[in-house]
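Presented as structure tokens, the chain that follows is alone, the form predicted alone.
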Amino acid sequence: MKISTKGRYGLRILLDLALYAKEEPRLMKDIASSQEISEKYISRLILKLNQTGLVDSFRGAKGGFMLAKPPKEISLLEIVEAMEGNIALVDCVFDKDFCPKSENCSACKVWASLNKKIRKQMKEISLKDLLKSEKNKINRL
């Protein structure tokens, strides 16, 4: 399991919105500038974040993007899975048809147990938790 730029940048976009889009929507160009990610790439990622219910988009002169729910209600697991799909160490953890031996496989049971622990840990970390760290970093600058 490796989290790609989609997952990492998706988290950065949500952190940006949590920091700067509290009162009014944030423009894509402002997110791109502060996060040093191209607008073209952000537009693809933010579409996915919008489709999965993590971001709301607003049209018009005062348009832009905001979090769809409070940071404390958004888990790291939800963010990564919105961008990457199900977190799985190996394919047989979520797809028993992937391997004909998965039902009676000791290795698969180990992978499933580890996968469950990783998912649990990621679910316990909220965007609000990560936001605290981000604010501390900004205050030190």
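Quick note: we count residues from 1 along the sequence shown, nothing fancier. In this text the structure is predicted, and so the values were computed from the model without any measurement.
Keep in mind the form predicted together with the DNA is missing from the figure; the text below concerns it.
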*asked:* Thr5, Lys40 and Arg59 - do all three of these have some heavy atom no more than 4.5 Å from the DNA in the predicted complex?
replied: yes
Original post:
Does any heavy atom of Lys72 come within 4.5 Å of a heavy atom of the DNA in the predicted complex?
Top reply: no
- Task: Answer with yes or no whether Leu27 is in contact with the DNA in the predicted complex, where contact means some heavy atom within 4.5 Å.
- Result: yes
Exercise for review: Answer with yes or no whether Asn50 is in contact with the DNA in the predicted complex, where contact means some heavy atom within 4.5 Å.
Suggested key: yes
Q.
Does any part of Tyr9 reach within 4.5 Å of the DNA in the predicted complex? Heavy atoms only, please.
A. yes
